[in-house]
Structures are given as structure tokens and as C-alpha cells.
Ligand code: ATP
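In C-alpha cells, the next block holds one chain alone, the form predicted on its own.
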């Protein structure tokens, strides 16, 4: 029986502009997404038939985090058909008509329900891994057609690196990745409903729009200061109304020296950009001290990681692709 190991990288939204509701109930978005070195590790082992899955706590310090402070124990996703990795395996098996089975083991380091696409990244890793394990010879576009049925972020998680995304997130244009800048992640032990966030956004008296084009220009210039200025997320204000503690922790991150702080996706994870690894260590230590001194309220987990550079994207150079 064969065995394959895949990395499943977290992502952040450097910009997220939410547009009008589509006839299918989804919103049009325009976003710039960036993969991080922080990752889950997904192990696939071939079985005679069926799907089984186990999730275990991973080690962030061995899975892409340079520094890590845990205030709350990791939550783990379900180890059954509700897991996006399970759904991805089932849909792929149905799509290709294969009768084999697989056991999926996920070592979780990406925080759960954070807006960091941990579940989507695991699903993408399963699609990539089974494509190799079973010698299916499917292209990334073909895998994405399966992945988008699992979740809108799965096509990007198949691509990885840096990309502009439109539609519901499935229409991707890869862009050259910036240097491996350091980034801080702060995750409070709360979760938010993505559907509820979008509903609350629709009820705002005026929509909050974000310019993704300016971010793309800043990335092309590899100008970290300008990237920090161009950070924007249409959903941030809505989620911060639901989780007011995010407002104070954002101020703590800014006060500790982050160049720019933003919520990723529908949240509630915050990320902060820093100039280099040396500054990253300093800002992380200030944040860790602030967490230790906090005596009440929700305490976050902290991570220091880096941008993941694009890899293996030659077949997508110069053109958009979508699921």
C-alpha cells in the first residue's frame, strides 16, 4: 500500500473586497491571497476501500512557525465526513470512478475557524496527494474543478504562493510572490460564522470597498511599507462588532510595532506585517509579554511565520485560470 505526505499551507487575505450578492447566493469578491509557511501536515495511506480520517495536534514550531505561544489548547476539526479533507477525497473518488480507499492523517498546526483556510488547505493537500498516490495524472485545473465543490478557497490552496482571485475566489491569476516577509498571527479562542458575517455586511448602510489593484502594485514593487498601507478587508468591521476584543488586540499588535494589522477572511485571526525577522522577533516578544500580563478576558495564541514563496507555478505564468 502506498503512502504520501503533503504540506497544507495557511493563507491570509492581504485585501478582501466584497461586492454584491450573486443570483446563486454567493458574493462577488476581489482579493489578493498569500500563502504562509505555517502548515498542517497531511499523510495519506492507501487502503483497500473506504475513507477514514484522524486529526492530531501538530507542532507549529516544526510546521512553519518560528515562534509560538499557546494560551488555549488547539481545537481539532471532526474526524469524519464533516471534515473538508474527507469531502475532497470522496468527491475525487466519485469524479474519477476509482474504487480504492485511503486513510487520512492530519497533524493540525493551523488554528481552526480562523480565516486562514486550514480546512481548505487540508482538502487541497488531499487532492494533490491522491493525484500522486493513485497516478491519476490530473492537472491543477482539473483538481480545482473538484476542489471548488468543497470550498471556495480550495483552488487557491491547490495553487499556493500569491494570487489575485475573483468570482467567489475560484478565478485565480498567479502573481510573483514578494520576499518571504515575516508575519505575526494572533488567534483568539472564538469562532465566527462566515455566513453571519456576510449577512451583517449586506445590512450595512453603505458597503466597505477595498482597492485590490493598489495592493498588486505594491507587491510588484516589493514595497513592504506600501503593502502595509494597502491592507484592507470589507468584512473586518463587521467581525470586530461581533468580537469587540479584536479591537483591543489589534491596538496591542500595532503598539508592539507591526507595520500593518488586518483580519484575514471573515476572521477572527489577525495578522501583522513586520520589516524583517529581527523585528519580527522583537514584536513577537512584546506581544507575548502583553499576553502574559493580561489577567482577564480572551487570551490569544501567537505565531511568527513567513510568507511562502511561489513554487511550481510555471504552467500558469502569464494567464488566469479558474475552476
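Residue numbers count along the first chain shown, from 1. What you see is a predicted model, and the numbers here were worked out from it, not measured in a lab.
Only in words, not in the display: the form predicted together with the ligand, which the text now covers.
Annotated contact segment (heavy atom within 4.5 Å of the ligand in the predicted bound form): 107 to 115, selected among 133 to 141, 174 to 182, 107 to 115, 237 to 245.
Within 4.5 Å of the ligand in the predicted bound form, a heavy atom is found for not a single one of 44, 57 and 128. Though the partner is left out of this view, residue 82 does reach within 4.5 Å of the ligand in the predicted bound form, counting heavy atoms only. Residue 189 falls outside the set of residues with a heavy atom inside 4.5 Å of the ligand in the predicted bound form. For the chain shown alone, residue 119 is a contact residue for the ligand in the predicted bound form, at least one non-hydrogen atom being within 4.5 angstroms. In the predicted bound form, the ligand lies farther than 4.5 Å from every heavy atom of residue 101. For the stretch 137 to 171, the set of residues having any non-hydrogen atom within 4.5 angstroms of the ligand in the predicted bound form comprises only 153.
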